[in-house]
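What follows is one chain in C-alpha cells, specifically the form predicted on its own.
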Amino acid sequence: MLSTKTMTAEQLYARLKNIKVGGSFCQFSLKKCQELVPLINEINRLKAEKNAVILVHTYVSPEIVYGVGDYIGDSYGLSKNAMETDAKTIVFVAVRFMGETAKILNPEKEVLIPSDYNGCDLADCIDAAKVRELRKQFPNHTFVCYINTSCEVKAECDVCVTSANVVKIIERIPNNNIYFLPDNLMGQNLIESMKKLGVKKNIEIFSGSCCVHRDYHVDDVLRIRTEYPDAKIVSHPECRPEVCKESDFVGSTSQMFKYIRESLSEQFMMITECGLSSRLNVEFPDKKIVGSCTLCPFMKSNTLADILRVLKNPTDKDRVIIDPELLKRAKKSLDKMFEYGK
C-alpha cells in the first residue's frame, strides 16, 4: 500500500518518466507532474480522513496507479483486496462490473465508481434476459460466466470464472455440458485448452469480445517476430486463438506481470491494454516493451478529478447499489468459483 505522505512533483516524475507507451496520453514531463501533484495530495489527504481505500486496475492511467492507488491489480485480485481492508469506503477505479463484484463480496462497505463512462463493451454485450433465454435453449448445460459481466448476469449463472482460473474450474465442473459467456475468443481458447488436457467437454460459447484484445491479429505477432526475434510474445486469453497460439505466454493481467517479472528475457511484446506496459516501464525499466499499444476507453476515462469528487461528495450515481436479493443470487456464482478454485 502506498503512503499518504505528501508527494512532490519530482518524486512523481521519477516514477513515471520511463513510461514510453500510450503516446502523449501516457507521457510525463516534470511540468505535467507539477500540475498533477496538488490533486494527488488532496486525494491522499482526504482518503485518510474518510477511512477510504483506493483500488486501481492496471489499465487506468499511470498518474492514478502511482499517485493514489493503495492496491493495484486485476479485477479478481482487487476484489480480494477489498475483502481484506478495514476501510469503510472503497473507491474502485476501473469499470462498473468490477465495482459490483467488490460490492457482492463486501456488502457492508460503500463502493464508489468515479467515472461516468464506466461501461465495458464485453460486459455490456449480454444481459440477464438473454441468459434466461439461453438457459431455455440449453437446459442441460452448466452456465459459466466470466467475471467481466454485470451483477444481473452473474445472478443468472451457476459459476463465475476469471481469466486466471477458467481452465482449472471448467475441468472440475462435474457436468460435461458447459455454456461459457460472454467472451467468444476466450471460449475458443478454452476449448483448445480442454483438448490439450484431454478433457472432454461440450462447450457452447456466446458471441462477445473485448475491444482491446480482439483488435490484435496474428500478423501483428509475426511482424514483431521478424523485427525483434528475441522478444517474448505475451498475450491475454481474450485474444484471438491464432494470436494465443503464436504467443510464448498466455495469461491473466496478474499472470502476465508475474511472467515478465520472473523472465530472464529483455524484450517483450504485450498483447493487451497498454496500462500493463506502462507498469512494466515503471517497475522494470531494463526490460524493453516493443510493438503496438491499445487503450481501453472505459478504463482510461477515470481521472484524478473524478476520484477527488466522489471522495468529497459522492452521489447515488457514483455508489454501487445492489438489491440484497440480487446480490445474494449473484454471490452464489462467485462462491462456486471459490469452491472449484481451491
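Start at 1 and count along the sequence shown; that's the residue number. Source: prediction; values computed, not measured.
Heads up, the form predicted in complex with 1,3-dihydroxyacetonephosphate (13P) isn't pictured, but that's what we're talking about next.
A.B. asks: Check, residue by residue, if Ser79, Ser150 and Lys331 all come within 4.5 Å of 1,3-dihydroxyacetonephosphate (13P) in the model of the complex, counting heavy atoms only.
C.D. replies: Spot residues vs 1,3-dihydroxyacetonephosphate (13P): no contact at all.
A.B. asks: Give a yes or no for His236: in the model of the complex, does one of its heavy atoms lie within 4.5 Å of a heavy atom belonging to 1,3-dihydroxyacetonephosphate (13P)?
C.D. replies: Yes, His236 lies within 4.5 Å of 1,3-dihydroxyacetonephosphate (13P) in the model of the complex.
A.B. asks: Hey, in the model of the complex, is Ser75 touching 1,3-dihydroxyacetonephosphate (13P), heavy atoms inside 4.5 Å?
C.D. replies: Flag for Ser75 set to yes.
A.B. asks: Indicate whether 1,3-dihydroxyacetonephosphate (13P) has at least one heavy atom within 4.5 Å of a heavy atom of Tyr146 in the model of the complex.
C.D. replies: Tyr146: contacts 1,3-dihydroxyacetonephosphate (13P) in the model of the complex.
A.B. asks: Is Met98 one of the residues lying within 4.5 Å of 1,3-dihydroxyacetonephosphate (13P) in the model of the complex, judged by heavy atom distances?
C.D. replies: Taking the distances in the model of the complex, the answer for Met98 is yes, it comes within 4.5 Å of 1,3-dihydroxyacetonephosphate (13P).
A.B. asks: May I ask you to choose, among Thr253, Ser115, Asn184, Thr89, the residue with a heavy atom within 4.5 Å of 1,3-dihydroxyacetonephosphate (13P) in the model of the complex?
C.D. replies: Flagged contact: Thr253.
A.B. asks: In the model of the complex, which of the listed residues (Lys232, Lys201, His213, His141) lies with a heavy atom within 4.5 Å of 1,3-dihydroxyacetonephosphate (13P)?
C.D. replies: Of the listed residues, the single hit is His213.
A.B. asks: Looking at 56-64, 307-315, 35-43, 282-290, which lies within 4.5 angstroms of 1,3-dihydroxyacetonephosphate (13P) in the model of the complex, counting heavy atoms?
C.D. replies: Stretch with heavy atoms near the partner: 56-64.
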